[in-house]
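Just one chain follows, in the form predicted on its own, and it is written as structure tokens.
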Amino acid sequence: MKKIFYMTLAFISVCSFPLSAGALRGTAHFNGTPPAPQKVDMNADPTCASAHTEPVYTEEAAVNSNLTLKHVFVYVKQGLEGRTFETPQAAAVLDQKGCQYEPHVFGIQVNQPLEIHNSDATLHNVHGMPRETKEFNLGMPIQGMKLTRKFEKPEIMVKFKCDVHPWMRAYAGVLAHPYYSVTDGEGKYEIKDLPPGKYVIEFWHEKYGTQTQEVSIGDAGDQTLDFTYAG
């Protein structure tokens, strides 16, 4: 009887976890007339200005040539409650290069290291502005300098700015899980290995706001979820 009891417990334990996973993919469409690109004036810092041979434009409303939207943060907002996830040991990287933040929008998990780089031969002052974790304001005067910070609680979104170069902005989505993505130069995103279940997916954009949609990931695997922002 004991053997049967332990085998039953083992079966329940195994079956309490998903045995398959799927990918959620989609495209951020843009409906309307794309806003006129806004040129960034970097002449106040000759190092910044000399880093570019072509004009630099702001990234707050980056509409791709195929009428899709770049820099949309896509993540699972609801549906993972009660589950815990391993914290990545590898650092996410936020670089200051050509007097711009790279990447402009990114995701990171709670307590995952964030490595902040200065690839420029000029002073940057990275000002992280979380509401759920202590704010930080760090001077980075040396090219090649690196600093590391962590976020203690989930937050959508954490803003970064440079107090020396006011056009520099970046945003981080801090999550307790790894199920997030950012739309690319074709407006596409992909969230891999999502366990079967029902989820609320949120789409965040710094200019056009947020949207949510519901989706079910079944044993059959991958799903497509597109969305549209109006200009």
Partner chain sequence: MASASQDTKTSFWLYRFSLLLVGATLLLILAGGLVTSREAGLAVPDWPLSYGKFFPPMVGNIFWEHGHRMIAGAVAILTLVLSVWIQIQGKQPWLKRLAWAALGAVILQALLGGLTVLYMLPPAVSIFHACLAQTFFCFTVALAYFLHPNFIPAQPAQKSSAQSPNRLALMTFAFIYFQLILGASIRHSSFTAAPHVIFASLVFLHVTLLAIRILRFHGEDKALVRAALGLGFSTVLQVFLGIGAFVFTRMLERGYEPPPAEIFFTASHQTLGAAVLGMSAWICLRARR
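Being a predicted model, the structure only gives us computed values, none of them experimental. Residue numbers count along the first chain shown, from 1.
This next part talks about the form predicted together with its partner chain, which is not shown.
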Residue stretch of 88-96, 157-165, 106-114, 75-83 approaching its partner chain in the predicted bound form, non-hydrogen atom distance within 4.5 Å = 157-165
query = Can you check whether residue 122 is within 4.5 Å of its partner chain in the predicted bound form, heavy atom basis?
reply = yes
key: Proximity of residue 202 to its partner chain in the predicted bound form, heavy atoms at 4.5 Å   = no
task = Look up in the predicted bound form whether residue 177 has a non-hydrogen atom within 4.5 angstroms of its partner chain, and give yes or no.
result = no
query = Is residue 144 one of the residues lying within 4.5 Å of its partner chain in the predicted bound form, judged by heavy atom distances?
reply = no
ask   = Is its partner chain close enough to 45, 59 and 137 in the predicted bound form that each of the three has a heavy atom within 4.5 Å of it?
value = yes
key: Neighbours of its partner chain in the predicted bound form among 197-214 [non-hydrogen atom within 4.5 angstroms]   = 206, 207
